[in-house]
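Heads up, the chain below is alone and in the form predicted on its own; it's given as structure tokens.
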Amino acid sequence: MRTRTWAPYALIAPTLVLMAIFLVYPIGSVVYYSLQRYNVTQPWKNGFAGLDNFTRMLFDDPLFWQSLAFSAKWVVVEVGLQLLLGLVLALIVNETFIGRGVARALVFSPWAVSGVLTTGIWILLLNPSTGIFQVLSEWGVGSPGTSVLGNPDTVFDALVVTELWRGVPFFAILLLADLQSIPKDLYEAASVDGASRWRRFTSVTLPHLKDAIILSTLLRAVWEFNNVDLIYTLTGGGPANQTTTLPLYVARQAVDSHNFGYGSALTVAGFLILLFFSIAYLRLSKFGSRA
């Protein structure tokens, strides 16, 4: 009896050990260092700080609030546009037409490109001397030497377009998979009842896509909030910290300034924000419910 009782725990023990090593320990380390003064360039000041890092973050660091506000704006705009365009593409490639396989491959191809390669492509396209705007200026459209990444009025729009190219296929893939699981009988019954194409979309398609939309938007919101590679490579958080996200600010503090204590406090704040948002979003959206 004892062997049968302990057998299940013995079988899951390796997984629990790996989770403790790669998940629990890193989280615990970040929480520990968030309560410390730990700057490798000023070792004589290192030691227990209590909540000093969090007090500084909330009351004495305007760049924290600026980066948090930009992160929220970035997530809302990106996820909203990616969902809308991804849904449109999924509906298009779900139809039957000649060359549908090629169209699907073209739609999904940006998702297969790595983040660093994506930014490399767009750096070349947005280069003020050799990029697309230079070509347009030679055709009489715009002025030569236009730098959309260096202009505070256009840098956000340029980043949004760049990330849309990479992020829209994510929604298209997930929503297309769910579209193909909808029974055709429902559409036939709706057509017999005289439902218009729009009514079939709102009454049949969207209700069946509800959980897929909720899950994909939540995952993408978390990924976009933690986006570092694209913004760091294209703008470095500039101009004038205008495109600095919270994770990018963490990287500056921990990696560039070697202030691991304050960087850990910023990380804990970001983790708590995402945790609260995820729980609230799943509850308010009634994920898993058909109501």
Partner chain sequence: MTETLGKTDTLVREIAGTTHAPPPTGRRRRRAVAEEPGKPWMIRVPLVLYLLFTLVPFYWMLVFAVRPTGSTQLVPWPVSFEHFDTVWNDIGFGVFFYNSVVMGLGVLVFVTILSVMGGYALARFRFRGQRVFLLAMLCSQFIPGAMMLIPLFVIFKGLGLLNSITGLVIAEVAFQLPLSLILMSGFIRNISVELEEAAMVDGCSRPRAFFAVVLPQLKPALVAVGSFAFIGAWNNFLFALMFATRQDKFTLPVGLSYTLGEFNTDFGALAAGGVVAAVPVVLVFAVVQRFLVQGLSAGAVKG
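Positions refer to the first chain, counted from 1. Since this is a predicted model, take the numbers as computed values, not measurements. The term rigid core refers to the most C-alpha atoms you can superpose between the two forms while keeping them within 1.5 Å.
Below, we refer to the form predicted in complex with its partner chain, which is not included among the displayed structures.
Proximity of residue 52 to its partner chain in the predicted complex falls outside the 4.5 Å heavy atom cutoff. Its partner chain in the predicted complex comes within 4.5 Å of a heavy atom belonging to residue 264.
Though the partner is left out of this view, residue 194 does not reach within 4.5 Å of its partner chain in the predicted complex, counting heavy atoms only. When contacts are judged by a 4.5 Å heavy atom cut-off, residue 26 counts as touching its partner chain in the predicted complex.
This chain is displayed alone, yet in the predicted complex one of 116, 206, 189, 76 has a heavy atom within 4.5 Å of its partner chain; that residue is 116. Of all the residues from 113-137, those having a non-hydrogen atom no more than 4.5 Å from its partner chain in the predicted complex are 113, 114, 116, 117, 119, 120, 121, 122, 123, 124, 125, 127, 129, 130, 131, 132, 135. Taking the rigid core as fixed, one finds a CA shift for residue 12 of 2 Å or more between the shown form and the other one.
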